[in-house]
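The chain below stands alone, shown as structure tokens; this is the form predicted alone.
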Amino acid sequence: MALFADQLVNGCALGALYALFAIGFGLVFATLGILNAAHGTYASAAAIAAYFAVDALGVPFPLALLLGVAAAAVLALAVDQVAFQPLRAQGGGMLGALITSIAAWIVLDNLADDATGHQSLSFPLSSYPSGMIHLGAIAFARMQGWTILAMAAVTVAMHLLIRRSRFGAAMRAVGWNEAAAALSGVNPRAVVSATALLAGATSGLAGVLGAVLTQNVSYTLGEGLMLKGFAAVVVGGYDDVRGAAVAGVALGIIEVMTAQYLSSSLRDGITYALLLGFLLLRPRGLFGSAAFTRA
């Protein structure tokens, strides 16, 4: 029973990373109408920025975390304005945006690989909270607890922002029909820019926390989060952050339990079988309200 409880916590922490990433990824898809293949690079960039802040500058980890999140947010905004804004101005469709995002992904991945010297780095053990938390017979790493709490806080904050604020209403209006939103007094470009910043920051948070938990600061970090984050968005529903959070945590638990009780070689297979099943049987996801359309 103790082993099951330990693995349950491990699965929740891993799933919290997927959920954090999926929230930002789904936000971009729902509001900007972009299936952004470069989104994972924001997580890698945040982890690399935070690592160098700690290792080269001696910055305390909390501040390095904020710097990494800010770096990811700025990078996401820059990619949106340079790569996607010209397409929106010309009325380019989702296919053009997808191709453009793939090009950005390749460029940014190569830059991240060069920045890390073509190797996987890791945060110094003394640079972040590395102790253990004991709850009865259950023991888990302190950073796992912080990751789960961060995911819960971001999920609640994003849900309230999107569903209970004027900005959230403007965001939903732009996602539904940009032209109609502009006629009602919304500034679509400002909303899109703010959305890109929020999505990049959320991805960056997942990237820094994931780099600490997995001890992997490299371009491959974002690629792994991208694949599982996309699965969480599909399973949970792209237009509700609660669905992305629930699906992300569920995927993390399924992966860990599969590796522990079945076979580690099946963990990814089961995840993608679940993804395929939802695409076929319930493409709008658990919490999705309708099929995606973009005017």
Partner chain sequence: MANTLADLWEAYRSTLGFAIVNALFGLSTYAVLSVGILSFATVTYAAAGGFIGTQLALQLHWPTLLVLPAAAVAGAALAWLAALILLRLDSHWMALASLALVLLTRVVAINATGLTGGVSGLSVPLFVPFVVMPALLLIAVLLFWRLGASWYGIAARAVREDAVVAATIGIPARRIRMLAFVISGATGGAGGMALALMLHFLSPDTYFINVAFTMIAAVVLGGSYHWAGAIIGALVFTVLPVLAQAVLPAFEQVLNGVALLLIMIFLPRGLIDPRQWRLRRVRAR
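Residue numbers count along the first chain shown, from 1. Predicted model only: the values in this text are computed from it and were never measured.
FYI, the form predicted together with the partner chain isn't displayed, but the following is about it.
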Whether residue 110 contacts the partner chain in the model of the complex should be assessed with a 4.5 Å heavy atom distance threshold; does it? yes
Is residue 234 a contact residue for the partner chain in the model of the complex, using a 4.5 Å heavy atom cut-off? yes
So in the model of the complex, does any heavy atom of residue 29 sit within 4.5 Å of the partner chain? yes
Would you please decide whether residue 94 lies within 4.5 angstroms of the partner chain in the model of the complex, comparing each non-hydrogen atom pair? yes
Just give me the single entry in 137, 180, 157, 82 that has a non-hydrogen atom within 4.5 angstroms of the partner chain in the model of the complex. 82
Contact residue in the model of the complex, from 190, 152, 89, 102 (heavy atom within 4.5 Å of the partner chain): 102
Residue stretch of 244-252, 57-65, 41-49, 226-234 approaching the partner chain in the model of the complex, non-hydrogen atom distance within 4.5 Å: 226-234
Contact set, 237-272 vs the partner chain in the model of the complex - heavy atom within 4.5 angstroms: 237, 238, 265, 268, 269, 272
